[in-house]
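Quick heads-up: it's one chain on its own, the form predicted on its own, in structure tokens.
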């Protein structure tokens, strides 16, 4: 196989998420709620050589276009990701993820004393910072392993 050949076949319809930082593909699947039990057809390339990133991951999800809330959370762990919408084996739309100013209801606060803990019916809300995210209720900042705080 030459460098120009495809490592994974084209998809007829769905979403290709490219330029994911190397080693983050499984976190992307967690964000999308894909664990292999629902029959989703998914192709993953991990640690693929990349001129821009050194190494990158690529995720292809057949038969599904991502929601804005999924893209918002995805942008937290893959801020340079590009999203390709595929229809009839062709890229019909291509864009980069945009980091939102805030994300609501998709991450849990690690502070057990936060008002968003299980004892209160308050939806979580985080402000997106350059180096992480900050709970708007208790000011707890998460800088690493953001994917581990995603509601699954």
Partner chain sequence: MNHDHITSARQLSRSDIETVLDRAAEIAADPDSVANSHEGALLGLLFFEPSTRTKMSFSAAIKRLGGDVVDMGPVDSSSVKKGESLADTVRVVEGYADALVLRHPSEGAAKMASEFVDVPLVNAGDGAGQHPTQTLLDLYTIRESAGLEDVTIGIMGDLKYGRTVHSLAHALTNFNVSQHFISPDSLKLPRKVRYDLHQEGSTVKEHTDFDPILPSLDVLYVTRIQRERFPDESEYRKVAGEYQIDADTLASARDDLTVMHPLPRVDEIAYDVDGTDYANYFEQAHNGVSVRMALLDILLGGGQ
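Numbering follows the first chain given and starts at 1. Remember, it's a predicted structure, so these values are computed and weren't measured experimentally. Here the rigid core means the biggest group of C-alpha atoms that line up within 1.5 Å when the two forms are laid on top of each other.
This next part talks about the form predicted in complex with its partner chain, which is not shown.
Visitor: Find out whether any non-hydrogen atom of residue 136 is located within 4.5 angstroms of its partner chain in the predicted bound form, and reply yes or no.
Guide: Yes, residue 136 is a contact residue.
Visitor: Does residue 121 make contact with its partner chain in the predicted bound form, using a 4.5 Å heavy atom cut-off?
Guide: Residue 121: yes, in contact with its partner chain in the predicted bound form.
Visitor: Under a 4.5 Å heavy atom criterion, is residue 93 part of the interface with its partner chain in the predicted bound form?
Guide: Residue 93 lies outside the contact set for its partner chain.
Visitor: Could you confirm whether residue 111 comes within 4.5 Å of its partner chain in the predicted bound form, counting heavy atoms only?
Guide: Within the cut-off, so yes.
Visitor: Name the residue from 115, 41, 26, 53 that puts a heavy atom within 4.5 Å of its partner chain in the predicted bound form.
Guide: When its partner chain is considered in the predicted bound form, the option within 4.5 Å is 115.
Visitor: Of the listed stretches (79 to 87, 30 to 38, 64 to 72, 122 to 130), which one has a non-hydrogen atom within 4.5 Å of its partner chain in the predicted bound form?
Guide: Stretch 122 to 130 is the one.
Visitor: So that I can tell if residue 136 moves, could you say whether its C-alpha shifts by at least 2 Å between the shown form and the other one after the core superposition?
Guide: Residue 136 C-alpha, core-superposed: shift of 2 Å or more.
Visitor: After superposing the rigid core, is the C-alpha displacement of residue 104 2 Å or more between the shown form and the other one?
Guide: Superposed on the core, residue 104 moves its C-alpha 2 Å or more between the shown form and the other one.
Visitor: Specify closer or farther for residue 30 and residue 123: how their Cα atoms are spaced in the predicted bound form versus the shown form, given a shift of 3 angstroms or more.
Guide: Their C-alpha distance shrinks by at least 3 Å in the predicted bound form.
Visitor: Compare the CA separation of residue 123 and residue 29 in the predicted bound form with the one in the displayed structure, and answer closer or farther (the difference is at least 3 Å).
Guide: Relative to the displayed form, residue 123 and residue 29 draw closer in the predicted bound form - a change of at least 3 Å between their C-alphas.
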